[in-house]
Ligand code: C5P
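Shown below, as structure tokens, is a lone chain in the form predicted on its own; questions about how it binds or moves come after it.
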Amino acid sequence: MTQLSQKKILVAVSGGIAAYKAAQLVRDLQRAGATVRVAMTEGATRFVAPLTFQALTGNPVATQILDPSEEHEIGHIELARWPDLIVVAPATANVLAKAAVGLADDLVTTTLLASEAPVLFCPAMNTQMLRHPATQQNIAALRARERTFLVEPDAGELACGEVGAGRLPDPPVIVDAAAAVLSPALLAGRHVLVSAGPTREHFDPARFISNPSSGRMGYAIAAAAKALGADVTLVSGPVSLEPPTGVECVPVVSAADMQREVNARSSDIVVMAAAVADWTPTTTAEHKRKKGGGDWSPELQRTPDIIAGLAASPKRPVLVIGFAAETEHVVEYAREKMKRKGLDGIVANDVGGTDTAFGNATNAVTLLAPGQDDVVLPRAPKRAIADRICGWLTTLQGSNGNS
């Protein structure tokens, strides 16, 4: 987990069912090296007792703006000046609305208005509340504000029983997002190109060769690179994901499409996280092929080797990083692929078994680079893995003699 050594973080907890996750978030922030204080809205205290956070942090928990004891012990102005970062988790629709217009009617919103520290909002609410135009306008207003950042809510089953976006991300994701906000812009001035998702190689308009890649890993890497200050282009196969904020997204379908779009853009760093099909039909029918009465043995040919072409190009990027999706001998095969294609590094990715990276929200990988020790990243949410991968890229920049 990314370290937050000597950083002071104020966790502002608002009144949603996801408030229970804030206790683990506090612990994870402390384990990452941060000193943590907690402020709570009145609604939050109905979900989690302030004593819980006081026991975890060893500090008084601020809940009332006009409480004489709290004003003496912490003081809302002193509290606003204290942190290096304020993390609002969960950030309810109500808190987002107040923050967007500068309303200050409780301790949390007053502290937000009085502080010059960056603020990381972690929205969590019912899907319909999240989708409401008013909430989306408030989120857009906060995104456009200086020193204000948002963590995208997860999708899944919500406490109300609905399924959709609105879940508070797991604490490790928020910790890594906090670290990214407080980190220097290590990739500032760099153009990073990331490929993501599967490709589709069509036999006809209704049938194609593809794979189960969801694109989550590549999208997470694009978001992590953007958080480190990079100018990011995401070349994406067909997926059902929203592009990260501030990232140029170029949709493609086939391997040939992806090659064309990747080669058309000059980049300092390329991370080929896409699961590109290895074979494509030699011909594509204009109309759907009827089943007929017998078997069908279509002819296939190799798709272009996009990353090998980049690595051998006269206009080669500073770093060319690949992914190796394997089901056996994962590290061994990845190392061989890295050498054979002349890559600066490779991410060994196990796609076999029940914990396959394909389609899952988590991943576990090994990072390989010539002349460096392997870096083993245990299973974690893909955004947390992406943050570690992008941190690793900054070390490879240095080893290659690039500032």
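These numbers were taken from a predicted model, which means no experiment stands behind them. Numbers for residues come from their place in the sequence shown, where the first is 1.
Another form, the form predicted together with cytidine-5'-monophosphate (C5P), is not on view; read the next lines as being about it.
Do residue 274 and cytidine-5'-monophosphate (C5P) share at least one heavy atom pair within 4.5 Å in the predicted complex?
Judged by the heavy-atom cut-off of 4.5 Å, residue 274 is in contact with cytidine-5'-monophosphate (C5P) in the predicted complex.
Please check if residue 121 has a heavy atom lying within 4.5 Å of any heavy atom of cytidine-5'-monophosphate (C5P) in the predicted complex.
Taking the distances in the predicted complex, the answer for residue 121 is no, it never comes within 4.5 Å of cytidine-5'-monophosphate (C5P).
Evaluate residue 305 for contact with cytidine-5'-monophosphate (C5P) in the predicted complex, applying a 4.5 angstroms cut-off between non-hydrogen atoms, and reply yes or no.
Close contact exists here: in the predicted complex, residue 305 approaches cytidine-5'-monophosphate (C5P) to within 4.5 Å, heavy atoms only.
So in the predicted complex, does residue 323 come within 4.5 Å of cytidine-5'-monophosphate (C5P), heavy atom to heavy atom?
Taking the distances in the predicted complex, the answer for residue 323 is yes, it comes within 4.5 Å of cytidine-5'-monophosphate (C5P).
Would you say all of 143, 226 and 231 touch cytidine-5'-monophosphate (C5P) in the predicted complex, counting a heavy atom within 4.5 Å as a touch?
No: no residue has a heavy atom within 4.5 Å of the partner.
Considering 248, 332, 278, 242, which brings a non-hydrogen atom within 4.5 Å of cytidine-5'-monophosphate (C5P) in the predicted complex?
The option sitting close enough to the partner is 278.
Among the candidate stretches 82-90, 232-240, 218-226, 306-314, which one is within 4.5 Å of cytidine-5'-monophosphate (C5P) in the predicted complex when only heavy atoms are counted?
It is 306-314 that comes within 4.5 Å of the partner.
In the predicted complex, which residues of 327-347 put a heavy atom within 4.5 Å of cytidine-5'-monophosphate (C5P)?
Contacting residues: 337, 341.
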